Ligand SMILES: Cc1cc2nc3c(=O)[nH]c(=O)nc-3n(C[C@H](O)[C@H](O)[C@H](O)COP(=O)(O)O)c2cc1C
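In the form predicted alone, a lone chain appears below as structure tokens.
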């Protein structure tokens, strides 16, 4: 690393200028962040093969040789089976409760999409879907594969042979140890503060421990969970991270496809409005509080089911709620970083502001040290 504290090993090894990684489901955000000097990672779990291939090519056309990647879910804990067998595992009390939720919400029945693909219609085919998507990543020579859920150890040898870097998101030290030993290129240490599939350990407890584990190896560590500012970026580098992984802060950018009412709700939210719930997928997901997350915590609500049963149970009513545009019942995955979002901005501006604030803090620390 040279005299610029932001020129970390992530920058040296991946060719980015600012050690900020942006996870988003909108390809425009990915392109904007990579073009601004960071690294965009496309969340692609819900994309069909042709959609994924098209998005990858679109991004590459916009950014050229700048770094980017694709994030997929490959869960280790998963109930497998065909749809009929899985349907029989869903208790009647859960079906009754979902009908109650539908009645309370007032969501009318909406016809299923005419072009629905059963492989991409729900969580029950997640593993099959992931395998198909991984094939697309290899065919398109995507530089980075990030496993957002589940260990990517099974794919590391092939990926490295084909020039692909493999990243893994973890929420516990034992998960990080296994992935470091397997040879992942980057471990994303994702603390409890994070949006989406979040764990139980706080970011500033988790990161230093995983940094220690990675010492003496070729694995880099990124800080994730609650990251929304240059202060967080500077603190992460000071803890030994090679940069930060961010997600929530891109939801309210100009480029994001997040609905405008949700962007405004993010801006207006307090930190306690980012709540954890298993009510969508069966896995804990931190999201903006909504009537959907609230009703599953009321007295009399059944416990949520494991993945993929919970998703199978609720997919139809969630579609009905979305089609009816019932805003109070709709949500988006979001972490405690919502507290740092106060306006809708271009994604590039978010990158530059983080870098400028971090550099200012490092300069101030150097000045204070010199005068001490």
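As the structure is a prediction and not an experimental result, all values here were calculated from the model. Residue numbers count along the first chain shown, from 1.
Not on display, but discussed next: the form predicted together with this ligand.
Trainee: Exactly one stretch in 51-59, 23-31, 311-319, 342-350 has heavy atoms within 4.5 Å of this ligand in the predicted complex; which is it?
Mentor: Of the options, only 23-31 has residues within 4.5 Å of the partner.
Trainee: Find out whether any non-hydrogen atom of residue 224 is located within 4.5 angstroms of this ligand in the predicted complex, and reply yes or no.
Mentor: Residue 224: yes, in contact with this ligand in the predicted complex.
Trainee: Quick one: does residue 39 come within 4.5 Å of this ligand in the predicted complex, counting heavy atoms only?
Mentor: Result no; residue 39 lies far from this ligand in the predicted complex.
Trainee: With heavy atoms only and a cut-off of 4.5 Å, decide whether residue 67 touches this ligand in the predicted complex.
Mentor: Taking the distances in the predicted complex, the answer for residue 67 is no, it never comes within 4.5 Å of this ligand.
Trainee: Closest heavy atom of residue 207 to this ligand in the predicted complex, within 4.5 Å or not?
Mentor: Contact with this ligand, no.
Trainee: May I ask you to choose, among 220, 279, 251, 176, the residue with a heavy atom within 4.5 Å of this ligand in the predicted complex?
Mentor: Only one listed residue qualifies here, and that residue is 251.
Trainee: Among 169, 184, 274, 233, which has at least one heavy atom within 4.5 Å of this ligand in the predicted complex?
Mentor: Contact check passes for 169.
Trainee: Any chance 19, 211 and 241 all have a heavy atom within 4.5 Å of this ligand in the predicted complex?
Mentor: Answer is no for this spot.
Trainee: For the stretch 322-343, I need every residue with any heavy atom inside 4.5 Å of this ligand in the predicted complex, listed N to C.
Mentor: In sequence order, 332, 333, 334, 335, 337 come within 4.5 Å of the partner.
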